[in-house]
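In the form predicted alone, a lone chain appears below as structure tokens.
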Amino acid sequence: MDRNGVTEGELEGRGMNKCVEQVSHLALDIGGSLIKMVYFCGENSGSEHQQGILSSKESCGLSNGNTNCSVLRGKLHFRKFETSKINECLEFMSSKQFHRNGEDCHGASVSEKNIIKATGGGAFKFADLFKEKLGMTLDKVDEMNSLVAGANFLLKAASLEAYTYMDGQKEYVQIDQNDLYPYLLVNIGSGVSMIKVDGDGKFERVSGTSVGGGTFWGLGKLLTKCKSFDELLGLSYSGNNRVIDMLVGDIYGGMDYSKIGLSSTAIASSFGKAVSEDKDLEEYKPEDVARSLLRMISNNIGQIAYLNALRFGLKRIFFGGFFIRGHAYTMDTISVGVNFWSNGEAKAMFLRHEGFLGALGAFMSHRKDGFADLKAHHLVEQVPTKPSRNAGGCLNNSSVLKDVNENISIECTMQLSN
């Protein structure tokens, strides 16, 4: 078992244990709540120093005849850590010898091998810590540039990346590369940024809100006994927000307010019932509190996103960021909100690698340092295990909720300039 409580068998299943000597590129997105990591791992083939490198003939074929390059075949891997537990990230990197892999990395110099592409506020905040603990320098990449670059790459290169989710139905959307732009990218991290994307490197942050994933986690931590985002999200599965939220039907005697298109089950006031009930916090079930909180924040984000899409005449809205976690209730709430406010004219779309846009964009910036091209082939997914609960209703630490992002890797080829 490694220092994060992961068995060697699990590491092998994720393709991590076998790639200690093969990692050639690594990038981080260090946010206020989470650290997201993307790294490339070459295939286990060939000699010790040529694992994952295609033959000259194959390289020329994949690189459009450019013989002055090497082409690697392998996988992009994804991993996350809580920023408050950054030492776990440092220990993981040390145990996997990421700080050494540049030594035999296709001609990388001693100075190049200890440089990591990094984005997010933590790239500035923790730069000295990475230098002190691992001897690694964080090469800072602009956060918005990284988010957009990561989203554009996934939408154009990865198959089955975007999908809609409503009423329990998940439908993948085929993206026409020639008709991708413009679109609205809503990145939900600790806070929320809304970015109008007009092309590669062409974007504008048009809005945002401070009510995001950090709000859910922070308020949830204060209101329940859950100690992590995943525990809180898992707790919301069994909750009933109607116990706490004031509905239209509560105001109108169980009836709809049909004149303005509001059903009796529509939320009139989040947490509104708590005002009229003489109850202490302890008398409410924590799962109901978690559900109400998740509903409130998801509704708010969906509505603000649509209003910004309407402002710029955008019909396509992509939601990313680790707040979503592939969570059915979160996606359904956002989708219903966008559908309601747009009268069915706009759709919310989600991304399989939603939480790693920034890290992937930072990874793409290696292009300036000898990484010439990256081509994705297909996705490899592992089925997440079902989490168990403790006596308090929260998820056990040993079975933390597995989100879709941690169980997917991208098979790809990476072209390096010689």
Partner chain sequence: MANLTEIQQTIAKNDCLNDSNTSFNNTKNNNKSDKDFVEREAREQREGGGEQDMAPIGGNPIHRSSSRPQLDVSGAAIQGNFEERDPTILLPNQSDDISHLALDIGGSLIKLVYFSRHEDRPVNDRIKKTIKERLGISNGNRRSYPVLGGRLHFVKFETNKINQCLDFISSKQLHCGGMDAHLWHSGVSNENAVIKATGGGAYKYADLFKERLGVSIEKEDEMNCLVAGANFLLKAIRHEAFTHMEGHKAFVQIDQNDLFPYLLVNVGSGVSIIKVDGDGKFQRVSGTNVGGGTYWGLGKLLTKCNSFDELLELSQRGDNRTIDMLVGDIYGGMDYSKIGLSASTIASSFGKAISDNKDLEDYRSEDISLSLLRMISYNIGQISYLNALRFGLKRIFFGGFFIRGHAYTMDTISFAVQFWSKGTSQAMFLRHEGFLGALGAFMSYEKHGLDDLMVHQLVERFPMGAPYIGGNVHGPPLGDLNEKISWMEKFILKGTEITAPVPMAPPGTTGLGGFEVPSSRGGILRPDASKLNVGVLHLVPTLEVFPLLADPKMYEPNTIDLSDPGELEYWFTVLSGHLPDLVDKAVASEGGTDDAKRRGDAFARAFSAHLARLMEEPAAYGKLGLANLLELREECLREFHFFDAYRSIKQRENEASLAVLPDLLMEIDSMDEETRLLKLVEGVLAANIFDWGSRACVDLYHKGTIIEIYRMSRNKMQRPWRVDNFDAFKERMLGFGDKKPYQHKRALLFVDNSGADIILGMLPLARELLRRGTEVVLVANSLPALNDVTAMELPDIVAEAAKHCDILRRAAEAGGLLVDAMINIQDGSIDSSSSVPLMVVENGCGSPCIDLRQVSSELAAAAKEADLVILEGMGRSLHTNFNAKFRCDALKLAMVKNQRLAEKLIKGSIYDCVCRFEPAS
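Please read these numbers as outputs of a predicted model, since none were measured by experiment. Residue numbers count along the first chain shown, from 1.
Below, we turn to the form predicted together with its partner chain, even though it does not appear here.
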The one option of T209, S264, S95, S238 with any heavy atom within 4.5 Å of its partner chain in the predicted bound form is T209
Could you work out which of F203, Y165, F78, F153 is the residue within 4.5 angstroms of its partner chain in the predicted bound form, going by heavy atoms? F203
All three of G191, K221 and F271 touching its partner chain in the predicted bound form at 4.5 Å, heavy atom to heavy atom? yes
Select, from the options 313 to 321, 123 to 131, 155 to 163, 169 to 177, the stretch whose residues sit within 4.5 angstroms of its partner chain in the predicted bound form by heavy atom distance. 123 to 131
Y181 within 4.5 Å of its partner chain in the predicted bound form, heavy atoms: no
With the cut-off set at 4.5 Å between non-hydrogen atoms, does V197 touch its partner chain in the predicted bound form? no
Indicate whether its partner chain has at least one heavy atom within 4.5 Å of a heavy atom of E345 in the predicted bound form. no
Is there a heavy atom of P286 lying 4.5 Å or less from a heavy atom of its partner chain in the predicted bound form? no
Contacts with its partner chain in the predicted bound form, stretch 297 to 321 (heavy atom within 4.5 Å): N299, N300, Q303, I304, L307, N308, L310, R311
